[in-house]
Structures are given as C-alpha cells and as structure tokens.
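Next up is one chain by itself, shown in structure tokens, the form predicted alone.
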C-alpha cells in the first residue's frame, strides 16, 4: 500500500469533563488515513458516534489557535497534527486526548481562556503611534531590519499551548506567560510605538520570573520562540527608570555570572549565588546544603581554565 493510501484503525482515548460528572475517560474507535487530522477525527466522532463530545476548532489551518489540546501528553494544535503520525511516533494505535493543562475546564476538551486573554491584554497588544501620525500629518514607516526583528513575534495566534506547558505560570501569578511576552516584545521593540516606558514597567519584572525551561519553545506551533522574546525584554532592564526588586536581583545574577566567567572561565555556582542573593539571602539554602551533606560542593575552589586570557578577550569584545 502506498503512503497516500495508508490507513489505520485507531482508538482515541479522550479525557472528558462535565461540571456534573467531573472527569472520565471514553474510547472511540475509527479508521483514519494518511491525511486525517485530529480535528477531522474529532468531527467524525461527534457526527457519527457521539454528538455530546465537545471541542473547539475553527480554521483547520493552524492560524486561529482554537483547537489547542494535549495529544499523548503533548500540547498541540489538533488541526496541525496527523493521527497516523502520532500513532507511529509512540508505537501504538491507542492515542490519548486531553484538555490543556492549567486552564479551568468547561466541557470535555474545551477550557476557559478568559485568564489567558486577560494576560494578553495586560501587555497592551496594539501600536500607540505619535499624534501626528494619527492626525494624518506624518507617515511613519518601518525599516526592513525592524520588520525582521518583529515579524516572528507578531505571528502568535493566541492558542495558549505555551501557557499550558509553562511551569512558571503555574507557580508565579505575577508571571505574564510566554504568549503575552511574545506579543508584548513585538510592540516594545517597535520604533513607531510611543509608550515604551509604560511597556517596560509591564514587561520587565515579569520577564525576570521566567525560569528558561524552554517548554514554550518546544510546543509553539508557529515556531515563535517566546523565550527569545523574554530574553530580549530582559535586555531593556538597563534602560528602565524604575526597577522592581525582582529585576534588580536579575541584573545582579547576570553580573555575577559575567564576573565568574572573567575570573575563572567557569560558572562557579556557589559564588554566583552569593553574589546574587547576598550572605543573608543565602543562609537558608546553605543550611539545607549543610544538612544534606552537599555544602562541600559549594566550597570547591575552581581553577581557571587554560588560556583564561582568551576567554577574557571574548567577554570584553576584543576578538583580535
């Protein structure tokens, strides 16, 4: 059988939900071909087997962000994922489908995205141009190099997959989330915008709350790299007139890492930690290290790497 005519019998094991019954699993059997997307499989289940099944889908082209869900534990767009591909990837024709994590369930695979939208609107996701532009007296154009910087982050479709996968969002209510930062940086870096200082107040503190786990990078269906937007936002900290304690600690941490590399060519974690949080701020963790017998590792004296002078040249920007 050619790949185009390939077919497979699969079992979709769907985690369902209703406010009255809570969660339960239900299985559906169907035959799929090489081109069957999960949105098509769900449509067939709803129309042919169980009209009570609830899910979201709209464009079927990976541009609306409606059909976010977990497929075999992976946050994915159902319309961009082929059933046979997932069966082959995991070596099983039984595939699990669940609602996205973090969000409050509404019914079956549908979750409440109100909080997600609130986070997105907090970053003021539109351009605030100069008054002269609004009055039609001036035409404000975007240079090609600026367009290239902004384009990737403008492609966010608000699907929520990155937030669903993000541990920092779950742990820290002050963290705006990967999608909001991608959208926020798109306007923060736009030279036509007029509220840069206000945007920095909104974004910088939150940017330092990211743990750089790269889950948003892994699950984004548009290859937007929200974590890159967060890194770029942190670079604006030096321009901010007002800095929160979180941002100040973040700057100390970066400086401590740089100094460690200059001194030894290595990341001396104990020294970096002390420089970042100070002696008093580190006491609690050093007590833990002592109790667990790991304090000896914190006291290790690192020897500089060979040719440390070359490392210092790189760090100073002198590559001659």
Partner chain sequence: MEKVSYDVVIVGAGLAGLMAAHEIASAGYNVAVISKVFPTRSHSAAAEGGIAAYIQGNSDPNDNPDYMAYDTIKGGDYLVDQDAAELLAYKSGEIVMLLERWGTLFNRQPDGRVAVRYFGGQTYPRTRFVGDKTGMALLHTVYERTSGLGSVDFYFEWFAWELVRDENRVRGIIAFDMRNMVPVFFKAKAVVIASGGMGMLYRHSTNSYINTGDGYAMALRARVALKDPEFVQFHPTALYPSDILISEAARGEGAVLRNVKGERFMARYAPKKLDLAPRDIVSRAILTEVKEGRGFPGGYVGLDLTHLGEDYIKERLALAYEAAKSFAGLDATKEMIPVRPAQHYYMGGIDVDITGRNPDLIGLFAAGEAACVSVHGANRLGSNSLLETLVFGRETGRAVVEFLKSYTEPSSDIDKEAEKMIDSAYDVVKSESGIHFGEILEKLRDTMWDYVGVFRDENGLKTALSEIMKLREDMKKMYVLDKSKVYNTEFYNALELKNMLDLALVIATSALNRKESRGAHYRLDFPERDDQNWLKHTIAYLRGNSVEITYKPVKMTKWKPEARVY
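Residue numbers count along the first chain shown, from 1. All values derive from a computational prediction rather than experimental measurement.
Another form, the form predicted together with its partner chain, is not on view; read the next lines as being about it.
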{"item": "8, 11 and 69 all contacting its partner chain in the predicted complex, non-hydrogen atom within 4.5 Å", "value": "no"}
{"item": "Distance check, residue 147 to its partner chain in the predicted complex, heavy atom within 4.5 Å", "value": "yes"}
{"item": "Residue 222 within 4.5 Å of its partner chain in the predicted complex, heavy atoms", "value": "yes"}
{"item": "Non-hydrogen atom contact residue 199 with its partner chain in the predicted complex at 4.5 angstroms", "value": "no"}
{"item": "Heavy atom of residue 187 within 4.5 Å of its partner chain in the predicted complex", "value": "yes"}
{"item": "Residues within stretch 144-167 having a non-hydrogen atom within 4.5 Å of its partner chain in the predicted complex", "value": "144, 147, 148, 150, 151, 154, 155, 156, 157, 158, 159"}
